[in-house]
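One chain follows as structure tokens, the form predicted alone.
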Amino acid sequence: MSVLSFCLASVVIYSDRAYSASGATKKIVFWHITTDEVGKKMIQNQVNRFLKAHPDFKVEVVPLQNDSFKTKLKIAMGSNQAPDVFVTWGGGPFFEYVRAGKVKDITAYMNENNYKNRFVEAAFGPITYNKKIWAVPVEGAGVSLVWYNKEIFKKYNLKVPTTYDEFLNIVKTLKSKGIIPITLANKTKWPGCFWYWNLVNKLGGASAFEKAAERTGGSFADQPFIKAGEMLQELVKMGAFPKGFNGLDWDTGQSRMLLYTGKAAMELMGTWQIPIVKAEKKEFYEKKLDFFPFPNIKGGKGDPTSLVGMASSNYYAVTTSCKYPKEAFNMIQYLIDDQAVKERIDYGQIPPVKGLKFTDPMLQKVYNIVTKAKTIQLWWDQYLPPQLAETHKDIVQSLFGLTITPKAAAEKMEKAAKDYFKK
């Protein structure tokens, strides 16, 4: 069986089909990455409302694991077997598909009846290219925060840190008590990158990365990048992370299990942690979970309010191979209509639409931090071209493994950037 055949077979296995009525002749294939049971049911119900209004359509809804999705989409795009609607984070890898003519320009749809004005302005940055809009903001704000177990903090009289020095003291205290200070599952590399990106952001400000990535006077070998590597390795050498963290799998919840069982106290993760924990361990969510922003570093150039992430964590795009683009766009609208917004807030998300109110104090707290942030640095692996992003993730995983020095890591990334951009 070829790789492609295997992937297509997998799609059939994972499909959660929702046929609106027997005899429906028009079909939309929809790939997303919300794989917990509550989230899958929520999206299916939203699709079902579209089907009720369009009885001549059927929709094949395909939930896929995060990293599995990335591989399948790459293969599907390359073999002209792309789904009609797919989830995206925007940025560099997505724009590769846009430049290849694989993604439908939906600017006209977004402007119709001023639909675009429904969404917060900051949500459009990662999906705007050549002044055109290529996807719809749907999933909630996704920024990285430090999640922690309130019960453990209370037991050891630990206070939420506002500086990195205070944070290091917490790590030392937890280590002395036999608690894993920070849980981490870094098999897929991006969870570990969260540490490096936040350290660079706080040390050098958002412009440090952007100047290096855009080749506008910055270098990945500049001091903030080297210093971030040194601070990251300091955490490793302190024993801040669980044994074997570079082989643990985030998708299957191996890092979260350490948090739930009280073996670990903290995890740096995106705000999608809220619906996931609510779905997996509702009691833990209600009684033990809280968070704080990444601590500021003394002498760092990063704004105290700065965050790493994006105003909308997931977008939905229509491919140019879709036979029914207008209807596919309309189906996406059902994922973020008024009913869907209510469902997504109940689910634990902060939808990227204007004028929201929250009854969950956790969501309100995230919303307040996001709206006050002067800068939100887009995830590097979504900002950088795919080839360079993969090289970067490999380098950071090596930093975690202590198999490369911070200086050599920074110089290796700078060389990769020079080779890629030819400057």
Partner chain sequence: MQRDKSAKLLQNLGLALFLAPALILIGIYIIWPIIMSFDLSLYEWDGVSPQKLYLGLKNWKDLLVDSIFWHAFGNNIKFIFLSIIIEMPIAILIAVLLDRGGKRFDAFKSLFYLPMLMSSVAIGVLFKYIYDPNFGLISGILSFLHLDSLNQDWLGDPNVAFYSVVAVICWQYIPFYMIFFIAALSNIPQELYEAAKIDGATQQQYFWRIELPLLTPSIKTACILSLIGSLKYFDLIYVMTEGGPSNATELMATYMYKNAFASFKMGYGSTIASAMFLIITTAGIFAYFVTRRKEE
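Small disclaimer: the values here were computed from a predicted structure and weren't measured. Numbering follows the first chain given and starts at 1.
Beyond the structure shown, there is the form predicted in complex with the partner chain, which is absent from this document and is the topic of what follows.
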The partner chain in the predicted bound form reached by all of 243, 247 and 390, non-hydrogen atom within 4.5 Å: yes
Residue 382, heavy atom within 4.5 angstroms of the partner chain in the predicted bound form: no
In the predicted bound form, residue 187 touching the partner chain (heavy atom, 4.5 Å): yes
The partner chain contact at residue 97 in the predicted bound form, heavy atom, 4.5 Å: yes
Close approach of residue 397 to the partner chain in the predicted bound form, 4.5 Å, heavy atom: yes
Candidate stretches 74-82, 108-116, 132-140, 228-236 - the one whose heavy atoms come within 4.5 Å of the partner chain in the predicted bound form: 74-82
The unique member of 203, 258, 341, 152 whose heavy atoms fall within 4.5 Å of the partner chain in the predicted bound form: 258
Of 254, 88, 306, 296, the one that lies within 4.5 Å of the partner chain in the predicted bound form (heavy atoms): 254
Contact set, 146-162 vs the partner chain in the predicted bound form - heavy atom within 4.5 angstroms: none
